[in-house]
Structure formats: C-alpha cells, structure tokens
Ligand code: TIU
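Listed next as structure tokens is one chain, alone, in the form predicted on its own.
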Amino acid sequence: MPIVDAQPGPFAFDPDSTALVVIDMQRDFLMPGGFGESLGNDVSQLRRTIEPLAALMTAWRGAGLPIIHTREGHLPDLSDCPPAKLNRGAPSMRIGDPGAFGRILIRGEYGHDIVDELQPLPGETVVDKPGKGAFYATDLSEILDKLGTKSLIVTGVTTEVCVHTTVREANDRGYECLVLADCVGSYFPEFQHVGLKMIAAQGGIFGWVASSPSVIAAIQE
C-alpha cells in the first residue's frame, strides 16, 4: 500500500479505492480578466497550482485511477442560487451578470468551464455543483460509492472555501482526505497557510496535508 509523507503523519492509501478530486479549476476563477480578478484578487495565487496539478493528473491517469472534476455554477435562470449567495459581491459583478467570459458562474458559459490546461478527458466525471461543497445537491456520494472509494486526494480552489467545505463534508461521510498544498490555492496567502494548518491540526481533524511529488512517487513505485 502506498504511503505518503504528510502532516500530521504518514498517509497510507489503496489506489484501487482512491479518487483524485479536482475542485473548481474554472476560467472565471483563474484567468486574468475573469470574475476573480475583477473583484481585486491576485489570480496568480491560484494559477500557480496549474503546473503541479497537470503533472499529478498525468501521473494519475497513467496509473489508470479515477479523476473527478467539479465546477461551481448555476442554472441560467438562477433558480438554484439562493438570495444569500446571489446578493454577495459588487452590483453588476454578481453571479449571472455579464462578465469577460460570459455570464458569471453560469453553466454552459465559457468562464464556467475548466481552464484549458486541466480539461477533463473523455470519460472522466464532471460534477456541477451549485454550492461551495462538492457533496451539496450533487450525486458525488453515489459516484464515489460506485467506485468503491474510501480515500480522496483533494486539489483545486479555493483552499479556504470550496476545498475546505468539500473536505469537511467528506470527513463527515467517512472518507480519508489528503489535501495537496501545491495543488490547492487561495487568493490570500494567509488563508492558504492557515487553511492547510486547520486541516491537519489536532492529529488530522479533517485530513492530511502533503505535496504532489510525494503522491506521484507513491503511485509510480
């Protein structure tokens, strides 16, 4: 069984019951000129994850292991976007408004899709989610059950929001989660640092934290 050097201690996983989850690596969040940058965020803090994540995905695919991609976004009529979420942000730059890459966070728009460097391959699962967590109002639990999944390798953006929410949801459902520090990102470096510490605190209250090269090495041994 592969073992990865991690915090707070070694993480052992069975590749046959482990899935790689790639959270919300979408143009609206990561591309210069997109929704994320329009709010004053430094998208380079997220884009630094693209290269290591692409390398991890290549190795993961090479080992014949499952990848699940998620995209946060809403139906064109916004019927799945509650007012508490819809009314956040600056007027004229809210969900559903016109953006540089189409209507902001609307399914089917260019900006809603995953960046070119990390596009899913045919046959890979894509879960469209209306919330921050990947389990809320989706069929992710059923997908993982069919795969016989017990462990998740978690990547994506942003560390303190959608990654954290998904890891917490997964932990409550009994999954062992390994979060890869170089493959998750936040617009705010201080949130990145504290968010990762929170996951591994108290003996791994939500999971483990490691780096992608250690996982690549483990599955290629």
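A residue's number is simply how far along the shown sequence it sits, counting from 1. Bear in mind that the values here come from a model prediction, so they are computed numbers and not experimental data.
The form predicted together with the ligand exists for this protein as well; it is not shown, and the discussion that follows is about that form.
- Residues 171, 176 and 205 are none of them found to lie within 4.5 Å of the ligand in the predicted complex, as judged by heavy atom distances.
- Although the partner is absent here, residue 153 sits far enough away that none of its heavy atoms falls within 4.5 Å of the ligand in the predicted complex.
- When contacts are judged by a 4.5 Å heavy atom cut-off, residue 162 counts as touching the ligand in the predicted complex.
- Although the partner is absent here, residue 49 is not a contact residue: none of its heavy atoms lies within 4.5 angstroms of the ligand in the predicted complex.
- Among residues of the shown chain, residue 157 is one whose heavy atoms approach the ligand to within 4.5 Å in the predicted complex.
- Note on the interface: of 176-184, 58-66, 23-31, 192-200, the segment with non-hydrogen atoms within 4.5 angstroms of the ligand in the predicted complex is 23-31.
- The single residue of 105-134 lying near the ligand in the predicted complex is 132, the criterion being any heavy atom within 4.5 Å.
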